[in-house]
Ligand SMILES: Cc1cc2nc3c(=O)[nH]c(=O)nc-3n(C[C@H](O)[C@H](O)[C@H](O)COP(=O)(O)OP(=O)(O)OC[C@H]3O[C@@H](n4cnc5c(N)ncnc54)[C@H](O)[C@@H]3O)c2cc1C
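There is one chain below, alone, in C-alpha cells, taken in the form predicted alone.
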Amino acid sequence: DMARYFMDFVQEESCGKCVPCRVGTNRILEILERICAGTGEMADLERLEQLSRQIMDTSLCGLGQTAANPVLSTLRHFRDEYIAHIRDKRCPAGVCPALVVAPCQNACPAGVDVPGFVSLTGEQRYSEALRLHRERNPFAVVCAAVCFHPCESRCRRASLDDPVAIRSVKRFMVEQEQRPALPEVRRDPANAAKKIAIIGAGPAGLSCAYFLARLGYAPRVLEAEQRPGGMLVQAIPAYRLPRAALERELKMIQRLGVTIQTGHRLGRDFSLADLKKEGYAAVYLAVGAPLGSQLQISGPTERIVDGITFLRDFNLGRRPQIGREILIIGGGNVAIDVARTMQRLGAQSVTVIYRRTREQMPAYAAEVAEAQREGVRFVFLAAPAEMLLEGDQLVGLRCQKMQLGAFDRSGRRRAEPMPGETFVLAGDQIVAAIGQQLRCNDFAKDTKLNLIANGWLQADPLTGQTAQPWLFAGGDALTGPASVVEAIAAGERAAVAMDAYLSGAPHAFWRQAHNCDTFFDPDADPLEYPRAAQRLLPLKQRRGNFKELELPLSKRAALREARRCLRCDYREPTTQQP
C-alpha cells in the first residue's frame, strides 16, 4: 500500500519526457493496484522487480531513477505481505478495502465473522451467534478461554477509547449455549466412502476433521495419548481452560461423524506406509511440536526437567515430582504455565529466568502480569551457565548477566553476555522451557518427507500438501509452536485442500460471505460505554487449586460491551435499477 501510494505520487510529479518514467511507473501502479485488490498473481512479483530496475537504469532524471526504490525495498523486506495479498487473498495490515471486511475479522487467523457474532450476541440471539462463529472456527468455547485475541489489537474502537472486549463477549456467548449449536453439514455418501486419516487430535487435526465432516467425509482421528485435545489438554493448565469446556466441543465434533481413536501412536502402532496400504486416500499429519528443546549448560543436564513434558505429565494425571525452589528457564507461554502450575502445587518459590527484558518476552503480557501477582519471581537479562551441586544434591544455578545488543532477525535486540558478570540463584529443581521441536525420523522412516532447516515439515503453506500428494501437514509440525487459533486456521485450510485433492475442486461453502441482519444505524453516535473489565478469581482463592481464573461477564455488562462495536463490516445497501 505504501509502494502504491508513492507510485501514485510519481504520476503527478513526472514531467513525462521519458517513456520509462511516464509509462513504466504507470505499469507498476497498475500491478500494485491489482495486488491490493486481491487479483494479482505470483508472476507479478518478478514483473515488478524487472520493471523497477529498467526504470532505474533508463530514466533521465533523479525522480525516475529513484521512483521504483519503494517497490524494491518493500519487495526485499516485506515480500511476505505481497505473497499474502496474492496467494492468501489477505491484507496483513488490514488496509486494502477489497480484501478487508472489518479489521478485527481480517486479524483473526481463522477468519471468524467477529462483528457478526458480537452484534448477534448484543441482540441476545446466542444460538445464531454461535453457529456463525462455528462457520469458521469450531472451538468457540476453547477460544473464549485461551485465544490471544488478535482481533482486539485491530479494533477501531480503540481510536475512540478502548477496543471491544471481544473475547469476553465470546465467553458470555458460549455460556448461553443450552443445546449444541451445530453448523451446516452437507451429507455426501460418495465422500463418506473415501477413507481419510488425521494423525493428532490437537486443534489443527480436530479442526481439519470438523470441516471435512461438514463436507460429508467421515475422517478417522488417531491420537497418541489416551485423551484427545493435543496441547489443549496436555499443555494448557485447567485454570486457563477448564476440561469440561473442551469436552463440550469434542462431543460436538464427534456428533458430526468424526471418529477419534486414542492410544495410537505414529511410529509405534502404525506407520504412514501402513495407512497407505490400508486404502486411505488422504492423510493429514498434525502431530504438533511435542518435544522440548534441550538446555546446553555445564552440569548433569539429564536432571533438568523439560517444561512441555512436565505439563503433559501433570495434565494427563501422571503427577510429576515437584521441588521446593523452582528455577524455570525461558520466557514463553510454556514457561509461564509451568511457573503458575508449580505455584499452585505448593512450591515454596518459583523463579523465571529470561535472557532479555520483560517487554521482549514472547509470553502473553496478561499471563506474565498475573504470574507476578501470584508470587512468581522474574529475573531478566540473565542466562543459565552452570548447575551447582553439593554432593549429589542440586542446590542452585550460576547465571550469566546479559545485556541487549544489536537487533536480530526476530526484530528483538540480541541478548549478549556481560564478560565476568555472574550471580547464583538457589534452587533444587530446574525446568527448561526454551522452545519446542519435532523429530520426524521417529515416524517418517518409510515415507519421504522434506524438512526445512530447523527440522519442521515442509509443505505448501496454503494447502499443507507435502512432497507426497496424498499426505498433508499443518499446525505446529509445519510452522513451529503457534497459537490455538492459528492451528485451527491451518486445519481448515488443509480440509479445503484435501477435499480439492479428492474431488477435483474445492467446496468450502462456509467461506462464502454471510449477511448479518442485525440492526445498525450508521448515523447514530457510538454508545459511550467504557470497556468492560475482565473479572478474575481473587488471589486468595487460587492457591492449591486449578479453579478457572477468568470469570464471565454479567448479562448487562456483556450486552453493553457487544453494543460498543462500531460495525466496521457495515456496507450501505445497494439498490438495483429497474
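All residue numbers refer to positions in the sequence shown, first residue = 1. Nothing here was measured: the structure is a model prediction, and the numbers come from that model.
Keep in mind that the form predicted together with the ligand is not shown, yet the notes after this line are about it.
- Each of G288, D337 and S483 places at least one heavy atom within 4.5 Å of the ligand in the predicted complex.
- Residue contact with the ligand in the predicted complex: F148 places a heavy atom within 4.5 Å of it.
- Remark: E492 does not count among the residues lining the ligand in the predicted complex, judged by a heavy atom distance of 4.5 Å or less.
- Although the partner is absent here, A235 sits close enough that one of its heavy atoms falls within 4.5 Å of the ligand in the predicted complex.
- Heavy atoms of A487 reach within 4.5 Å of the ligand in the predicted complex, making it an interface residue.
- For the options L222, L256, I304, A382, the one in contact with the ligand in the predicted complex, meaning a heavy atom within 4.5 Å, is L222.
- Distance criterion of 4.5 Å from any heavy atom to the ligand in the predicted complex singles out I308 from the list A459, I326, V71, I308.
- Remark: of stretches 140 to 148, 89 to 97, 420 to 428, 499 to 507, the one touching the ligand in the predicted complex is 140 to 148 (heavy atom within 4.5 Å).
- Taking the ligand as it sits in the predicted complex, the stretch 189 to 214 comes within 4.5 angstroms of it through a non-hydrogen atom at I199, G200, A201, G202, P203, A204, G205.
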